[in-house]
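Just the one chain here, the form predicted on its own, laid out as structure tokens.
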């Protein structure tokens, strides 16, 4: 019996060694037509993670640099102070919004930064101390001194939370008010005050008008450009910080500090870092803000200033960088809005001794209270939440519900 022959099956030839190379790193590219589809954590955590954000950010920056040529100098000063106050609002949002540590002592750290900058960068005269150091020295030094004092609050924040922590930080405001009033050789004392630091960097004097890059630039325009660059630097710094492991640790402590400690987060270190970073932002804000204003005195750093910055956070949007900027600009412009209302509404007077039913200052206080209560009740996410509503409506139009 013959055995049937089998046709040998040819086995696939092995892949040449030169071709069988180790796979390289995967390149994650956005899917065409689906820009919001994420295929990696790097895409999701990118600074500007959608084409719309990139385009709108570039357009906003370009328009911001054109603002000084479109408005008058008196209105430009309001915008300048709003931009500088935005940095301090971002700092308060870091500790209160992102880390969940309620602080009412922001005015104290702003005052520390203001006087540190004035002492190091101001000129010495017969009554107060000044060293005349350049801006590249006194501006970071103002933040570092405030950050050092802010770090001391961190261990206290570990033992306290909520209303108790707010009362402790409020005590810093009253302590600072006493020190600022009594240290006459440094602060000038109440009713006298002292001048802010000299705004001069890289040979450019921001307290004077003149030619810059071939253009005649006024003092208000120069200070606006300086404040805009100042805000961009610190906004990008804060945005990168919130995207990092430090920012996620802040959020974990805010949401549930016990659970955060269980997964390995050092609560003491995280809270100290939150207060230190917030105080650093407050310190540089105080130094820059009162250098633009020119003259200030100890009464400027009271409880009202802390309430104003808290209102900026609540009205702009808690735990958002862009909301902090919107809230700061809005609250800074509120006195100007009140003055404009005094020209239109007959029972509002422009001075405290006027014959109207309300003065401009009383109207500001009423508006502060109404805005805080109104936003907390009707739109807890603040102006940023209103922007989200508008954006989502038009993204889904005409199928919006």
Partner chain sequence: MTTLLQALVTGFGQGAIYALLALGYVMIFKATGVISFAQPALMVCGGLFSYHFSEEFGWPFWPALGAAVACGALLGAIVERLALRPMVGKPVFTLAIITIGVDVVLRVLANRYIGSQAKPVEYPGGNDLLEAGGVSITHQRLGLIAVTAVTLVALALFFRYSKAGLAMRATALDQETALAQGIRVGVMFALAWAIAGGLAAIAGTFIASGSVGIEQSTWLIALKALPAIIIGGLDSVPGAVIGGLAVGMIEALTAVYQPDVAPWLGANFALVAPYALMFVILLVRPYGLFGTKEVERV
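Positions refer to the first chain, counted from 1. Bear in mind that the values here come from a model prediction, so they are computed numbers and not experimental data.
Below, we turn to the form predicted together with the partner chain, even though it does not appear here.
Student: Quick one: from 124, 74, 216, 182, grab the residue that has a heavy atom within 4.5 Å of the partner chain in the predicted complex.
Tutor: Exactly one residue meets the criterion: 182.
Student: Quick check on this chain: which one of 235, 148, 303, 246 has a heavy atom within 4.5 Å of the partner chain in the predicted complex?
Tutor: Only one option qualifies, and that one is 303.
Student: Counting only heavy atoms and a 4.5 Å cut-off, does the partner chain in the predicted complex sit next to every one of 54, 58 and 398?
Tutor: Verified in the predicted complex; spot residues all out of contact, no.
Student: With the cut-off set at 4.5 Å between non-hydrogen atoms, does residue 43 touch the partner chain in the predicted complex?
Tutor: Although the partner chain is absent here, residue 43 would stay clear of it in the predicted complex, with no heavy atoms inside 4.5 Å.
Student: Contact between residue 225 and the partner chain in the predicted complex at 4.5 Å, heavy atoms?
Tutor: Outside the cut-off, so no.
Student: Quick one: does residue 339 come within 4.5 Å of the partner chain in the predicted complex, counting heavy atoms only?
Tutor: No - in the predicted complex, heavy atoms of residue 339 and the partner chain never come within 4.5 Å of each other.
Student: Within 4.5 Å, heavy atoms only: does residue 330 come near the partner chain in the predicted complex?
Tutor: Close contact is absent here: in the predicted complex, residue 330 is far from the partner chain, nothing within 4.5 Å, heavy atoms only.
Student: To test your reading of this chain, name the stretch in 95-103, 265-273, 288-296, 112-120 whose heavy atoms come within 4.5 Å of the partner chain in the predicted complex.
Tutor: Single hit among the candidates: 95-103.
Student: Just give me the residues of 156-181, first to last, that have a heavy atom within 4.5 Å of the partner chain in the predicted complex.
Tutor: Stretch hits, in order: 156, 159, 160, 161, 163, 164, 167, 168, 170, 171, 172, 174, 175, 178.
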